[in-house]
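In the block that follows, a single chain appears as structure tokens, in the form predicted alone.
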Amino acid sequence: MIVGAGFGGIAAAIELRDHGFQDITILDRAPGLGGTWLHNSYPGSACDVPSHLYSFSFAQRRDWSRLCSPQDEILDYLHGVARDHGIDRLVVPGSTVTATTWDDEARRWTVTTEEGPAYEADAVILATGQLHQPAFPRIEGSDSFEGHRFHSARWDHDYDLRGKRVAVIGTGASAVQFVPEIAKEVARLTVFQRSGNWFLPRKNRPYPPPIKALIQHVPGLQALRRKRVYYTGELLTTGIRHTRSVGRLLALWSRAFMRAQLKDPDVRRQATPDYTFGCKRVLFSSAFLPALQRDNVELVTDAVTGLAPTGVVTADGTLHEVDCVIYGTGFRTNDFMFPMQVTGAGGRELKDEWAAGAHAHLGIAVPGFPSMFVMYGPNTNTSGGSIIVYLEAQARYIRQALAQVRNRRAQAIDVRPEVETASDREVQSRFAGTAWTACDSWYRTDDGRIVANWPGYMREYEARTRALDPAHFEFIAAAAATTSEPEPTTRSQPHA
């Protein structure tokens, strides 16, 4: 059973099918597959990682329209990959999973959905990711606002922004993409910023015909470009890990780029970050900063303290009258699969196990939750590469785990507590002295524990997940009531 039909769920299903695991079901609460690329359809939505790296290594395309593909093109790609591998037929859309429960006697999982059907499974893969639950800020008086409101991850395409006075709360990665687009059509745009961002350039124009021809027809060129982007991402991670050397050089590059883009000294002062380069997500855009200097755009850095019937109130007492408020406030990244109830062996609750911050061996396996695996789990986000690299590595690791179960004629596999504890301790220790610890960010919990990011490089994570060590796990025998030779696949069947 796989929960989530985004890149992670699709990657896991393909890997399992390619290695003999045929009985697979993918549940997703959305009306179709695509994950975050189905929901985030706001104007300008695109990946900020070049498409030849933000795509599966086994399903490379040479006909991307530009360096960083737009949302609809990525969604089309994911549909195509799923269709080519027969995975689209495994997806059960409109299925909101409310609980996954391990049965100690039957030694299987029961997966319950809000819509009614329940499923039994030998293994559960939670591929819900970190970027699927929109985060709405707690703002006093929100319900009193008489205008229109929506979150960028649930864009209201029926609402016409043309000629409207619009407020954007938040200046994260999503806002950086849609602000330049809507600024062209609204009457007035007020952007409320809590803190500035570090920017690096990204001119994402469509490929000219000669470049497209080279990519499509020169053997090895796309593979070479992919490798180049891979190591460029590793360089960014180097800058985050080594703030006084490479990080300082990257900060100088970013500052020079931002200064060249921000001709208005007041806007430059407001938009320039005051924290260490790489502490928060570094953003790639050559359009956002110029958009802040348009005649119809105002950047406000006073804190938002409330909403009134006619607009947004800031800490200086100013009422900014607007017709529409758009929340560009990101996602509840540290909630992972919650509020889903996940109950493991002995009735233990995952929410209790993670009360002090989420943790898992290699971000995948949690002790006491047999044959349950997490994709894009704790400490597997990347600040300088492509999450697709991590997802492919996780899919291979999970497949190895289930192959071990099958080959040993066991019922389930459970990571040893001491292995996971040592793994988590080592991961957390590697953050010391890096930019990630230099400020508060969505990478961290309220008490400062970093639960989102991997502390090293893509190549390190790939190496650590390349070969599963059976000694790191316990193997659970089949229950006495089952057949003598159980088949521990990802079988999932509705039951009454």
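Just so it is clear, the model here is predicted, and its values are computed rather than measured. Start at 1 and count along the sequence shown; that's the residue number.
There is another form of this protein, the form predicted together with a small molecule, and it is not shown here; the text below is about that form.
K.L.:
Using the partner position in the model of the complex, report whether Ile326 sits within 4.5 Å of the small molecule, counting heavy atoms only.
P.N.:
Ile326 lies outside the contact set for the small molecule.
K.L.:
So in the model of the complex, is the small molecule close enough to Ala175 to count as touching (4.5 Å, heavy atoms)?
P.N.:
Ala175 belongs to the contact set for the small molecule.
K.L.:
Flag Leu131 as yes or no: does it have a non-hydrogen atom within 4.5 angstroms of any non-hydrogen atom of the small molecule in the model of the complex?
P.N.:
Answer yes; at least one heavy atom of Leu131 falls within 4.5 Å of the small molecule in the model of the complex.
K.L.:
Does any part of Ala438 reach within 4.5 Å of the small molecule in the model of the complex? Heavy atoms only, please.
P.N.:
Looking in the model of the complex, residue contacts with the small molecule do not include Ala438, since no heavy atom lies within 4.5 Å.
K.L.:
For the chain seen here without its partner, which of 166 to 174, 262 to 270, 315 to 323, 408 to 416 has a heavy atom within 4.5 Å of the small molecule in the model of the complex?
P.N.:
Every other range fails; the passing one is 166 to 174.
K.L.:
Out of Arg83, Arg194, Lys351, Lys227, which one falls within 4.5 Å of the small molecule in the model of the complex, going by heavy atoms?
P.N.:
Answer to the contact question: Arg194.
K.L.:
Under a 4.5 angstroms heavy atom criterion, identify the one residue in His242, Arg281, His359, Arg399 near the small molecule in the model of the complex.
P.N.:
By the 4.5 Å heavy-atom cutoff, the listed residue in contact is Arg281.
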